Structure formats: C-alpha cells, structure tokens
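Only one chain is shown below, in structure tokens, and it's the form predicted alone.
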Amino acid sequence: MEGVDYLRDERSKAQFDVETMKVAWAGSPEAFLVCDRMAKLVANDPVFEKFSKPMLGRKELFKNTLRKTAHAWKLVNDLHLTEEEAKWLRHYIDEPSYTDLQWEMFVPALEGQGTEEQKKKWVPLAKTMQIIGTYAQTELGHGSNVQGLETTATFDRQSDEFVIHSPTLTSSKWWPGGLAKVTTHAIVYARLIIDGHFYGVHGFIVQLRSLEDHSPLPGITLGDIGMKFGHGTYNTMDNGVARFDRVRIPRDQMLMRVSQVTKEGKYMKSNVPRQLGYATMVSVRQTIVSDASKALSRAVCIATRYSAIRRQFGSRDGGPETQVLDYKTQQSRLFPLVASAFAFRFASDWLKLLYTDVKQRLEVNDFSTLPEVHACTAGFKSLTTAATAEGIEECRKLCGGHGYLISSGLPELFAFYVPACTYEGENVVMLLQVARFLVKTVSDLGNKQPVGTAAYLGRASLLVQKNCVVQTAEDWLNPIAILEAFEARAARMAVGCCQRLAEFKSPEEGFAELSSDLAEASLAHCQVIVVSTFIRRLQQDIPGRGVKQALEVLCNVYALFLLHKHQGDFLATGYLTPKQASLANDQLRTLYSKVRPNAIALVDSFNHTDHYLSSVLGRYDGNVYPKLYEAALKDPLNDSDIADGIHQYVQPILKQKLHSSKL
C-alpha cells in the first residue's frame, strides 16, 4: 500500500536519537544541512531520474549524462551554489561524468602545480567551464609506475616549444575520463627531454580540441576505450585513449611551480619544494576514503532494510515467518559492514584534519611527517576500497536472489565502485608502499622515535613480549585492551618481517620474496589506525540521546570482527591464547544482539534518499514486493506477450519445421 511505512515498527525500536546521529554521520550540523538540501534538490528534479538507465544503450547513456551534466551546471549558476554545494550536487546526481576529472583532478593539478601566472590564466577558464579538462597520466602500458611512462615532451629551443609525442602503441594515454569525446584540454604527463637528456616526468597543459567546432586538433588521435564492467556505471562516461604525433605546445604550458625550463633550454628547480604535491595526494586519498564510507553505507542500507522486510522459515502455528534480520548468520555478515561504514567515515574525517596539518607544515618547509602521511594515506586507500568492494558484494548476497536484480541497486553499485581498488594506485602496490615505511621505521627504532600513527612502534620491544590479560568476554569491551591487541599484532608482524629481511643478501631481494607477508603486516598497521581513530572519536563530546552508546557498540563490533577475521594473525604472533580469541567471539555475538534493535535507525542515519539508493529493496517505506513487481513489468521485454523472434526462431522448433525455416 502507498503511504504505509512497513518499517515503522523497526524504527520505533531505536535506542538513540536518529536526527542527532545524522549530524554525527555528516560531521557537523552545517555539513548535514548542505548534504540534505542537495540530496533533496536532486531527488525532486525529474531531469536526474535514474530508474530508466538500465534500458538505455551506450550512446543513449552517454547523451543522457551530457544532458544531466549541463542541467547541473545550470543549477550551479542559477542558484549561485558554493563549491561545497556543487560538489554534493554532483555526488547525489550519482552518475560518472566528464566533470569528475575536471573538478577532482584537472583544477587541483592547475592550482597545485601551476605558477601564479599559470593559475591566473588557466584556473578561471576551468572554473567557469570555458575549458573542460582531464588528467592524462595512465598509459596503455603503464599505470602505477609513473616513472615508466613513455609519452615524451621534447624541448625545441628554436621555436620555444615542447613537442608532445606518443612513440609507441603502449605510450597511448588510456583511461582518462572525458578524454574520448568531451574534454578540450588535458594535463598530459610526459618524459621531459632536453638535448637528449631525461629530466623526469612532468605535467603539460595540452589543448585537444577546437573550441569552435570541438574537432580534435591536428596530430591528436582520440577515441573511446570501449564498454566497461556493468551496464550503466562508468559506461555513462567517455573514458578515452589519446595519441600524439609531434604535437607542439608553448613552453609556458609546462606546469612550472616546482621546476622550469628556460627559453635557453636550461632545466631549473624553483625554491618551491616538490613535496608540496603531497598535500594534493592527501586530499585525493581523503576523498577516496570518504567515498568508500558513502558507497558501503548505501549497500548496507539496502541490505539492512530488505533483511527486515524479508521473512523466511521459522513460522509457528501458522504465524509469520522469521525476519531474515533476526538470524545470527545474517547479523554476523551484515552488522560488521554497518560498523565499517561508520569506521571509514570517521577515518575520512580524521584525514581531513591531517590534510590541514600537512598543508600548514609544508608552507613552512616542515617535511618531517611526510613519510608517515604518505604511508597512512596509501594504506587507508587500500584498506577501505578493498573492504568496501567486498562489502557491497556481500550485501548483494545477503539479499538473496533479488539482490542480483538491477532494480536492487546492488549490481550497479558494485560495478560503479570496484574500480576504486585499482585507480589512484593499485591496492597491493599501496600496501607495499606502506611496508617500506614500516621496515624503515622498525630499522630506525634505536636512533629515532616514531611519531603519529606509527608511535606505537616505539613500544615494539614491549609489545613483542607482552601478552593479553583479558580473562572474561566483558574485558573485550575495554578500548585499551582492544587497541593493545591490534598494536601488539601489528608490531610483531612488522618486527618479524624485518628480522626475516635481514637474512637476505640484498634488501630488494628480500622485499620481493616476502612481499605477501609485508602486505599483510601493512594491513595490520592500517587497521591499528582505523580502530584507534574510531576510539578517539568516542572520546570526544557526542551529543544526543543514546548516540554515543550506539557508536560505542559499533566500534566494538568493528574491532572484534576484525580480530575474529584475522585471529590467525593474533594467535600466530602469540599475543592471544585460543581461549581469549574465543571470549572475543562470545562478546561479538552479544554485541550483535545490541545492534539488532537499532539496525534500521542506524542505516536511516545515513539520510539517503530513495533516489540516491536507486533500489527497490532499500526503499525507505519498505514497500518492496509491489514495487519489485512494477519494476519488472517496465522491462521492454514485457511490452508484448509474444516477443520479437518467437515466430521466426521458436515456432519452427515447436512445429518440427526447423529444417525448412530461414534462420
């Protein structure tokens, strides 16, 4: 029935104030108001309708996205939206578009790597959309290894120009969003060559298309790289390929904030430290972690609401069957994912503070925290994206067969999110970067005290000897006991790797041989940081009836679930006994019972509109089955009772006339 809240009874069980929890999730009252306003603006605008997307072909999908993007830009100007409001508007439109690269990579690169003169010229053009840019770094043959890029930028002293060239097939720029059909400019990363000498990889502003008729400029070949995983998702965007045949650009279109090439062909480094680029890196990775929490929150919102509506088995005396959400097997798979969404959200909030700190330090040439910051952000990127991709797929399975339907919203969400595991750094490569930091930190313990997120390693000698003192299941509710367990496990794994590395003839040989162990040690280190960040968040003032208590339960669920999942590490390192691991699991089951009455209220706290979720199973009102039936009837295959092709290909089989039919 329309207008009926089928989840009303579930919402009445909430033991905390949902509206205050919404603010805790958003980060502040001001942030909540902005998000809420933009979400409703998009949901109530028919131009941004999403439910017909699965029925569209590739060209229709692309054109539809162009229409939505143009409408969004019109709203930004007509309503005089701030940059923050515009960012959330694009987020809730929920459709990959060429503007993603414009605002997330092209403009930040201009601002971070351009000189004051270059910024004065190019940034206003980009921010007013008089030019549309993309970020062309990845090539057909190289991704994570930036120093292996093959595109060249050779300086021609006579003409005072750079010659941009793709010398091989594998040097073709491959993947940049918007590159195939839309963008007019790109920041192209290429090998700087002066008089035959290589001076590293640098960024160059290259115009790709005529601003008059949008055709590719001479010497530039552009195209789309083809369909991607899923149906809608990134197939709404023209990820492209570009090849350059000796394309000339003015010398002043090399991004020259950190290093310059003079008219005479002299390569010079400015007094601006190259490490300034780390601030942009921290900002990008903070966004990735934040996006992980948002994507995971969508999946768990859908799965939790549907699990409360769905009933299977357990009927007694003809009464109703048991809600799927009441089964412990469902809770043990779903509730840790709810907790993870909150953990990642608070981790991204902490990364925002880290970004501010890094910027301030860099401005006064303080680079002391950069190695730790690089390791932390690389590790967070890997941990959160991998867990989120796995979590979305788990939520699909938690919804049973209906989760496989496009109308559930989960297949498309998975297809949309899973590229995060490889873009901006492949996840295992990211963990190995963390490993190098850990190895250096442990190796320097006698001379240098670690700080920040690695400070616990300063107590490594104690942590490798100390054993867990937990005696009861209730002891696992003590945040000190939880954090020490994670620190001891991570410290022992890091120290163990360093000891084994010392047995090899060369560090690189050892690193290659032990790379799997090092990646696992890095993951353990990153989990220490996420758990400690969650615990610190709970030490702050959190207003609202029952809000802090509900978050404390989720924090414990997150930590003890990880302990259970990785108990092999905790046992193998000798910190825990099997009995203590069993007590942790006992406490985890008790915690699931505490989450259960709050389950629907917790996912309501994400404040997701039905438009944003784009899921029949995750509807706010819980009216799943009638709407699922309606969605099925809208499929084009249901336009007629007898489908096209039946008479031509099926009837001849039924009538035993296949031999004489014209196939």
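Remember, it's a predicted structure, so these values are computed and weren't measured experimentally. Residue indices: 1-based, along the sequence shown.
The same protein also exists as the form predicted in complex with another copy of the chain; that form is not shown, yet it is the one meant from here on.
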query	finding
Contact residue in the model of the complex, from Asn447, Gln540, Thr329, Gln158 (heavy atom within 4.5 Å of another copy of the chain)	Thr329
Partner-contacting position among Lys294, His231, His202, Lys352 - heavy atom within 4.5 Å of another copy of the chain in the model of the complex	His231
Non-hydrogen atom contact Phe62 with another copy of the chain in the model of the complex at 4.5 angstroms	yes
Distance check, Thr184 to another copy of the chain in the model of the complex, heavy atom within 4.5 Å	yes
Touches another copy of the chain in the model of the complex: Arg257 (any heavy atom, 4.5 Å)	no
4.5 angstroms heavy atom contact with another copy of the chain in the model of the complex for Gln651	yes
Joint contact, Tyr98, Trp175 and Asn638 to another copy of the chain in the model of the complex, by non-hydrogen atom at 4.5 Å	yes
Another copy of the chain in the model of the complex: contacting segment from 470 to 478, 207 to 215, 532 to 540, 249 to 257, heavy atom within 4.5 Å	207 to 215
Heavy atom within 4.5 Å of another copy of the chain in the model of the complex - qualifying residues of 387 to 404	Glu393, Arg396, Lys397, Gly400, Gly401, His402, Tyr404
